[in-house]
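Presented as structure tokens, the chain that follows is alone, the form predicted alone.
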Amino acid sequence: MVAGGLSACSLPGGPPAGPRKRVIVVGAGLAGLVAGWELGRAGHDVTIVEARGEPGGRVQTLRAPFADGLYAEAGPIFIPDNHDLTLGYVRLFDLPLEPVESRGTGKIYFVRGRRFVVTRGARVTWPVELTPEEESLGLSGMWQKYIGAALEGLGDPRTPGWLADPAIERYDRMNGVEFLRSRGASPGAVALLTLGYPDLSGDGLETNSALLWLRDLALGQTAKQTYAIPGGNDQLPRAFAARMRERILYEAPVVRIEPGETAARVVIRRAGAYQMLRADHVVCALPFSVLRRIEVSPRFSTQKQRAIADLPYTSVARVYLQCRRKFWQEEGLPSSATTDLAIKWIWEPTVSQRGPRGILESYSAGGPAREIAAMREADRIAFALDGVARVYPRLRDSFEVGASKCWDEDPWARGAYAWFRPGQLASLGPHIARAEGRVHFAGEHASTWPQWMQGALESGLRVAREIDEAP
């Protein structure tokens, strides 16, 4: 049992640490749901208001227009085995888990017009100019030399005051490409090392704080296996919501927040009318990309306003291509591919789903994602088909139907996940999660695990404890 009677995923709640409080939670994504759940279990009076007609926020599972019960994630895909909070709540609600395994042998890279199927220990002649040492090291050796060695001195990012260490803070002042160059990486090595995951935040690694990337890598070092919830990861927020059905108001977007030192109020729009809700505390579990469009009076502090206005969100476009056969399995090809194309990353979300049909997904971020979002749906699918078929040439013979999700055009998200430009972890970070009077802030952006369900849950637990322990 942790302070205030709040549970540690599996223990029953107790009486409030302080007086019973009236709490309004804005947003029924994972952060808002866990805050509402834990505060309710601790004996507080909680109401959750949600703009959408369903819970989950950016945890969304797509089931249409796919056949044979196939599904794919529009939001988070993986749950690493060191994400204790996420796994804890999955188990608390008795949801199933399955390991996420890749199929096929090796890894696929598509670089400068050429496909490489790279197996363990194979020597690859990459179509970039490398130094003799880098050619000898290979891709994994370059990763260890230029990145892995730096992680060894990074420490635990969850330690209080971690960012205050000048040896660590200096990484926030450079972007990811500058970091690699400072370690001695050649332009060719940089081109290879920035492919894939590093390229899926912001507008690419050259725009990101190097420390954002390094922090995520450091936190992920102890993960050995990733999991998913069979049937769809949206079952986790739905499990929370099902147990709080009477506490959640759907299709009730907030249009105004009124902070205060002794109380707070929010104005919602519901069924065409405006309604004011009063509370002792408000949990704001909205992305800052959405919050910046909501009226706040009196205004938050200057530092908070700046954080809300300046925190960027990654543009992400995901296109799903259903195929009548999993031909890539028949060929023994890996079920994912890293590319330097606009489609960036290819992944099979149906790797553990039964039946002959399967889905290949393209995952674009940054500028290419914004270009895809500007297209009509049919053009998005055609664009993804062209790109994915360069990596999996038999795609067109098997393609049946497609779908897409572009997070920039979602009015209740306006981007997929937060990222930080160089210097922003130090300049904005301290002000993102800090409460403003009786308004508390939760969400993946307000955690040490941005971009993950773990971060949303961590932040929701934090604000629940803040409120529970408040006098």
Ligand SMILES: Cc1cc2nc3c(=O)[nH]c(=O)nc-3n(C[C@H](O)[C@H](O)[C@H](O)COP(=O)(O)OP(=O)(O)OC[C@H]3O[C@@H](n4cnc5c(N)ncnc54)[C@H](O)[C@@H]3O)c2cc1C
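Keep in mind that this is a model prediction, so the values were computed, not measured. The first residue of the sequence shown is number 1, and the count goes up from there.
As for the form predicted together with the ligand, it is not shown, yet the points below apply to it.
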Checklist entry - Which one of these stretches, 48 to 56, 63 to 71, 421 to 429, 35 to 43, sits within 4.5 Å of the ligand in the predicted complex when only heavy atoms are counted? => result 48 to 56
Checklist entry - Does at least one non-hydrogen atom of Gly220 fall within 4.5 angstroms of the ligand in the predicted complex? => result no
Item to check | Partner contact for Gln451 in the predicted complex: the ligand, 4.5 angstroms, heavy atom | outcome: yes
Checklist entry - Is there a heavy atom of Val26 lying 4.5 Å or less from a heavy atom of the ligand in the predicted complex? => result yes
Item to check | Exercise: Leu385 in contact with the ligand in the predicted complex, heavy atom 4.5 Å | outcome: no
Next on the checklist: Within 4.5 Å, heavy atoms only, which of Leu311, Val290, Leu321, Leu205 is in contact with the ligand in the predicted complex?
Outcome noted: Val290
Next on the checklist: Going by heavy atom distances of 4.5 angstroms or less, which of Leu360, Val282, Ala285, Leu211 would be at the interface with the ligand in the predicted complex?
Outcome noted: Ala285
Next on the checklist: When the ligand is placed as it is in the predicted complex, are Trp143, Gly176 and Ala185 each within 4.5 Å of it, taking any non-hydrogen atom of the residue?
Outcome noted: no
Next on the checklist: Heavy atom within 4.5 Å of the ligand in the predicted complex: which residues of 64 to 80 meet that condition, in order?
Outcome noted: Ala74, Gly75, Pro76, Ile77, Phe78
